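One chain comes next, on its own, written out as structure tokens in the form predicted on its own.
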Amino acid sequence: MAAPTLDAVLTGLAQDEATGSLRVGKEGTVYYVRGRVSYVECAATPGVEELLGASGRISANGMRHARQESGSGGDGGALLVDRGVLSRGELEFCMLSATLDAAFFLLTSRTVRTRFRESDAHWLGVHWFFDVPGLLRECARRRARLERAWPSEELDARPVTPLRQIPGTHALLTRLQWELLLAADSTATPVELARRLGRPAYSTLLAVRELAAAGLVMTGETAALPKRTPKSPAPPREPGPAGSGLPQVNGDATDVNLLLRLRDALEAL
């Protein structure tokens, strides 16, 4: 008998109204509270700790102390909010961003070896809920958006190499695309760049595919073209408008419509 898919395992735990953690090989963990997903970790993506650290809101040492103080079954997130390290809205937004990011990459995994631990919880506590069908739909939507941006996986695990010339006379970039072109050194993959910049991995991957579509990074197609010596320096790229700060999260945390309204903000990070 074939082993069940990860989608089927997640759906089964939701139907059983399970509470605990589902370990997916060495690739990640899904946390449940009464059948709903409260948080997802993936080895391939930055977690809440890394996103908060990269934003400068809390040091690695401060995060470690908060984790130790919260202890097993504690609420480290509430501890950070009470101490004024971040607002509750910022905490919820980071949990949302990290979970959607991790779920997308974890659900593309071929690993089917899973292990469930009853009553296990993440040290940050529960600050957002996701129903499993909604989470699966969002992952499918993100896969479709990647395909629309650049219908090839060739860049997903390959070092990002910016081109020395741009097509046309100018290029309009988002803030993240500009940061990626500055950080890309032909050695780091999109996920590695996400960790360097403290950005969600999916948003970084999407930005790289969009840069490929705009002809600004090396692809298999551009690598096959004959090299040309530029006659004059390429004009400077124009950075897009700076992004705003993290929005506050309001309303019912189980509201899937609210989740979908936030998705564009997440992908702009």
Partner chain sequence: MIGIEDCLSEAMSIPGALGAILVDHTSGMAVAGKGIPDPGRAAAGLSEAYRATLDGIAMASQETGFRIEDVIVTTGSAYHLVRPMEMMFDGPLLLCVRLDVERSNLALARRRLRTITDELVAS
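Residue numbers count along the first chain shown, from 1. Predicted model, so just to flag it, every value in this text is computed and none were measured.
Keep in mind that the form predicted together with its partner chain is not shown, yet the notes after this line are about it.
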{"property": "Every residue of Arg145, Ser203 and Leu206 near its partner chain in the model of the complex, heavy atom within 4.5 Å", "result": "yes"}
{"property": "Residue stretch of 159-167, 82-90, 180-188, 116-124 approaching its partner chain in the model of the complex, non-hydrogen atom distance within 4.5 Å", "result": "82-90"}
{"property": "Proximity of Gln68 to its partner chain in the model of the complex, heavy atoms at 4.5 Å", "result": "no"}
{"property": "Leu172, heavy atom within 4.5 angstroms of its partner chain in the model of the complex", "result": "yes"}
{"property": "In the model of the complex, Glu138 touching its partner chain (heavy atom, 4.5 Å)", "result": "yes"}
{"property": "4.5 Å heavy atom contact, Ala102 to its partner chain in the model of the complex", "result": "no"}
{"property": "Residues in 179-201 with any heavy atom within 4.5 Å of its partner chain in the model of the complex", "result": "Gly198, Arg199, Pro200"}
